[in-house]
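A lone chain, given as structure tokens: the form predicted on its own.
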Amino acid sequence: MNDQINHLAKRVTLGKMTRREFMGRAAALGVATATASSIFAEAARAQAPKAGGVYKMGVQGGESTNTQDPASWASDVPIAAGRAWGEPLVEVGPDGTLGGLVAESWEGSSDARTWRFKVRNGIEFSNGKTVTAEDVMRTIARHTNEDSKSGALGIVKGIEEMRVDGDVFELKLGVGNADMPYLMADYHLMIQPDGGFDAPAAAIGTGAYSLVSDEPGVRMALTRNPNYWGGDQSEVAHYDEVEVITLNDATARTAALQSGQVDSINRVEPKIAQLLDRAPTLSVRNVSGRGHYVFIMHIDTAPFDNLDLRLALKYAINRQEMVDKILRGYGGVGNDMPINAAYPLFDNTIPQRSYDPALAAEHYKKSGHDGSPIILRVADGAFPGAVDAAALFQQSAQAAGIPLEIKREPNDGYWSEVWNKQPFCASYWGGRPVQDQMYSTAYLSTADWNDTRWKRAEFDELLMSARAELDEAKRKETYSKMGRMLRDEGGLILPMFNDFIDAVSNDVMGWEGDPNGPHMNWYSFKKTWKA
């Protein structure tokens, strides 16, 4: 009986059971009302935030080539640590609303071309320097420089002028953009002293923690920032220390959590999620959002510069089979465009593409391809189940007579040597809060992360017109046209939108799902605590 009542108390602690439910179950076990009330009260008290301790995250997505320069971040480990030491102007909450970080408030002009962000008074960097609007302007300026190779280049490209007015940073756009504040939440845009021009990888920011050691591809350690502006440990950032440990191997990552070596892990493989959730010491947490698993083709490189070949490959993939066998239901079918119903201006009338081997064979024949192997590069770290997904793709393509060949790549170096360099590979995107940001980051002609080499003047013009359009119905119509263009002509094969699946020790309190990204959009270090 003790084991059963302790299990019920743990569910109360985790917020999974109400008092009424607990008392009813306890009574069924023969526990006296007074005793049950005392146990419930003790469990409920454990839900209150408690300061101290070390929080260890086991994270897939780290490489020996990682740096702390926010402009370069493309995988989860540097993003996870970067969220701890740095902050952009604003953040997007789980409910999609904007909250201030370095910026206390913001306002736009009636045409959405001019935006003013007021910097918080007295906020400090981890080195003790007071943050100024000049630091903000210099940060944004560095990311607008093409030499920075910033992942945020596509979203800041439209800025024509910037200036400082006291504690206000002001920017002017060539084309108005009602979503501009959302773009400022991009994780590359961590505000740094003097913009990070002199030391972009110094990891000096306004975050709740300070970096004390960095072993790329192995481990990063951080300690609580004594200069943090955002509240004491009774409010946020309850841990004394945070560790981000690179665990690219799924089996090793799961074992580390089960043995207590780490407190949480990302990218739980869907095929083991339900089994893992039965473990008495941990919980699997999943949340649907905008993340998607993809196969990307460079449309400026043969043979993928041939539209019929691209369409052949798009019709040759069995999306439902992938959702069933790879995601195990933790996600939904994709439609070769990076937008789904999680976006408020999504058009659900766009026809869903489905597996059609006969049509795939027809397009393949029309392409005139010589029959040589079409190389698809993939690694375990591309996304959970990526190698198995590629094998399924190979089988379904074979039924259409398409000679798809899989080349398995090592995890280390995949994001620096394969993704965005090789013409056909597996990848993933976490999605973005608004369509403008998703399109600007990966499909604008000038975007540094345009990983399908999609460069269409008409598409760029539509994106600019959607930015300036304040009528939501007209914006939705424009975004629909853009989505159809990508679906029918682009180099994106998007078979599935994935849930973010994390697993967390039952000692970690305060966990809430966030559709913006895994690990509470990488804010778990800030919002959770140990029981």
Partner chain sequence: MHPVLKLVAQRIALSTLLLLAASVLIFVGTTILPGDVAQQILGQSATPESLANLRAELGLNDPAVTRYLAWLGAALQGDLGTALTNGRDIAESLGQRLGNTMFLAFWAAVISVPLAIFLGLLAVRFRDRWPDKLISGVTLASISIPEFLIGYVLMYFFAVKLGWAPSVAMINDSMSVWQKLNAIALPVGVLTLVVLAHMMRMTRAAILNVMQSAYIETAELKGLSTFSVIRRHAFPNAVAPIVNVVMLNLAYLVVGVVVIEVVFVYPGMGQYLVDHVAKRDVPVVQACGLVFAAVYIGLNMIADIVSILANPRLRHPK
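We call the rigid core whatever largest set of C-alpha positions still superposes within 1.5 Å between the two forms. Residue numbers count along the first chain shown, from 1. All of these numbers come straight from a predicted model, not from anything done at the bench.
Missing here is the form predicted together with its partner chain; even so, the following discussion is about that form.
The stretch in contact with its partner chain in the model of the complex, judged by heavy atoms within 4.5 Å, is 254-262, chosen from 163-171, 363-371, 254-262, 126-134. When contacts are judged by a 4.5 Å heavy atom cut-off, residue 71 does not count as touching its partner chain in the model of the complex. Using a 4.5 angstroms threshold between heavy atoms, residue 272 stays clear of its partner chain in the model of the complex.
Its partner chain is not shown here, but in the model of the complex it comes within 4.5 Å of a heavy atom of residue 214. Taking the partner from elsewhere, residue 469 is found to have every heavy atom lying beyond 4.5 Å of its partner chain in the model of the complex.
Think of it this way: in the model of the complex, its partner chain has a heavy atom of just one of 98, 307, 218, 375 within 4.5 Å, and the residue is 218.
Only one of 506, 465, 37, 65 comes within 4.5 Å of its partner chain in the model of the complex through a heavy atom, and that residue is 65. Residues are counted as partner-facing when one of their heavy atoms sits within 4.5 Å of its partner chain in the model of the complex; in 432-450 only 449 qualifies. Relative to the superposed core, residue 421 shifts its CA atom by 2 Å or more between this form and the one not shown. Once you line up the core between this form and the one not shown, the Cα of residue 450 ends up 2 Å or more from where it was.
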